[in-house]
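Just the one chain here, the form predicted on its own, laid out as structure tokens.
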């Protein structure tokens, strides 16, 4: 729990059969690192005086007793020792954090799951997963066998409801998910020819996305898990986009780099193995899909903007207007599209003010070319710096044919394998969520029924 610049450690627990393995140090090390990242200045906690192991760990981490809560633990009537850390950014805590991190690395090396290359030949091939996706404006459900065979995939789009507003309205999205989810799940089960009794697990996207939309899917999935007793598997929406390529090409395997481009996300991700993700760069303002939508709106093309810009750009000259390439030569792998969008909108306004006739096709083509140039430059740098030989493209904007062609050509010139999902797996769908869930189910990584939607969930 975080209050202003202080954090309260509520509970730190290690399974009984895994104690004395330094996993507690690993957990505390991770917690301190995250607290420091968030700008938390000090941490506090309560601990039983009789818990010698916990006391030793906290004292080694620089926590000191600062009082007691009498009769705090209702089960035994035992007091609680109140402990506070020193300043997290101080030299003492920096040294403690480094020591804990070293201990944590040893512990995690012993307990980290083995590299995932698919389940053994005699295991996991026949698991049946019902997956649910509701992170934005598509209500989707799918049934997968063995994480690779799609038995059904149903998507209910809300585009018609949002197009009149020029973009997704979160309140409308949540309401439409509520109206559609029962029917979509029932249809997915019917198309797959299975019932809830046949399933092995329920999977659901629990972030990132619109919080109201996510809550609908997570709540419904939790209800199904409670009613059936099936395990609940949570999937990061962005991880789902990575696994869309696995559905299209099952032999795709890490190490690889992926470019995830959609309405809400633009990022380059290094994947040394399935389940381990390192974001190399991401957008610092507008995502690619957002920029397409805003330029389409300025041109009067309606919503969604991506397909409209793509169709119009095919008729224009990509070199007609020298729009800027933001951050093309920056030292990092981040993206920025707000300035480009503003440049396009400003150009349109100036042309109209001067009484000149607009050339929408040339504007669309030149804007699209600027976007693609930066995406290709950053992606090729990421591949070269990571030393991988496989590259994935995922997300709704991955359906853009010019972007697909440019990235494919650039990677193939470098001898890098490129995987681009078919169009129906680029946009939001539940099949990709089921494919990613297969990995987590095989590893025993499930959610409890107290799990909540996490709208800002990170990948990795």
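Quantities reported herein were computed from a predicted structural model and do not represent experimental measurements. Positions refer to the first chain, counted from 1.
Keep in mind that the form predicted in complex with a small molecule is missing from the display, and what follows is about it.
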property: One stretch from 420 to 428, 59 to 67, 46 to 54, 32 to 40 that, in the predicted bound form, holds residues within 4.5 Å of the small molecule by heavy atom; result: 420 to 428
property: Non-hydrogen atom within 4.5 Å of the small molecule in the predicted bound form for each of 243, 270 and 281; result: no
property: Answer option from 275, 207, 264, 212, heavy atom within 4.5 Å of the small molecule in the predicted bound form; result: 264
property: Interface residue in the predicted bound form among 289, 234, 147, 217, criterion: non-hydrogen atom within 4.5 angstroms of the small molecule; result: 289
property: 4.5 Å heavy atom contact, residue 318 and the small molecule in the predicted bound form; result: no
property: The small molecule contact in the predicted bound form: residue 433, any heavy atom under 4.5 Å; result: no
property: Non-hydrogen atom contact residue 239 with the small molecule in the predicted bound form at 4.5 angstroms; result: no
property: Residue contact check: residue 380 to the small molecule in the predicted bound form, 4.5 Å heavy atom; result: no
